[in-house]
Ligand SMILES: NC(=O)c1ccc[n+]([C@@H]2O[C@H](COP(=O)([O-])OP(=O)(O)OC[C@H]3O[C@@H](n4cnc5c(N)ncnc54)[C@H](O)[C@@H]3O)[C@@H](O)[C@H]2O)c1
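A single chain comes next, written as C-alpha cells; it is the form predicted alone.
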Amino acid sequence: MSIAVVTGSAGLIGAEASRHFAELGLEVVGIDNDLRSHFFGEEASTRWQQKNLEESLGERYRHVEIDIRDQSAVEKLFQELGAEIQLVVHTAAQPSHDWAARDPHTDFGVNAVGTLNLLEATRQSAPEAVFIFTSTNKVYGDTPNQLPLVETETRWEIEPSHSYAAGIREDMSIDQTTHS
C-alpha cells in the first residue's frame, strides 16, 4: 500500500491533509507529539484531534509519537516504511513569533532541524516520494495585507488580474515588513 507521512498530523492543516489522503486511498502515518500543548498550554493540546483521526480513519491512519528533532527516530521510521512512502506532507512547526523570541533554540530545532531531518530521511529511504512543505503566511510579514482581495461566497481571493492570483511566488518582497 502507498503511504503518506503527515507531520503535525493532529494540527489544523495536518489533520485535513491526513483525512484527504486517507480518502484518496493512501495509508496515512501521522507524526505528532502534541508539542503544541507545551508551546501554548494544555488548552491548546491536539490530542482530541489525534483521537478523532484514529477513530474516523481507522486502519487508514497510524499515529506515531515522534519529535521531528529526533534524527534517529525519524530515520528509523522512514527506514521501516521505506519505498512505500509516496508522499510526505510536512506541517509540523513552532508557529509563534513570541515563542521564537523567547526560546530561539527550540524554534530553530523544530522548524529548521526537524525539517532537515525529514528531508534527509526522505532522501535516504524514499527518494521518489513527493515532499510537500507548508509554511506560515507570517514569513511574508505584512505584505499580504497590501494585496487586493475580493470576497467570494465562501472565502477571500486575490483579485484575478493580480500577478499573485495563481499563488504567491518567491519574489514577494519581505523587506521592511513590520511583523515578520
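Throughout, we count residues from 1 along the sequence that is shown. C-alpha atoms forming the largest set that superposes within 1.5 Å between two forms make up the rigid core. All figures in this text were calculated on a predicted structure; none of them were measured in a lab.
One more form of this protein, predicted in complex with this ligand, exists but is not displayed; see below.
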query: Is there a heavy atom of residue 134 lying 4.5 Å or less from a heavy atom of this ligand in the predicted complex?
result: yes
Using 4.5 Å between non-hydrogen atoms, is residue 93 touching this ligand in the predicted complex?
yes
ask   = So, in the predicted complex, is residue 120 in contact with this ligand at a 4.5 angstroms heavy atom limit?
value = no
Does any heavy atom of residue 29 come within 4.5 Å of a heavy atom of this ligand in the predicted complex? no
Assert contact_stretch over 124 to 132, 54 to 62, 31 to 39, 150 to 158 against this ligand in the predicted complex, heavy atom within 4.5 Å, equals 31 to 39
Residues in 49 to 88 that come within 4.5 Å of this ligand in the predicted complex by at least one heavy atom, in order, are 66, 67, 68, 69
Residue 168 C-alpha moves between this form and the one not shown by 2 Å or more, core aligned: yes
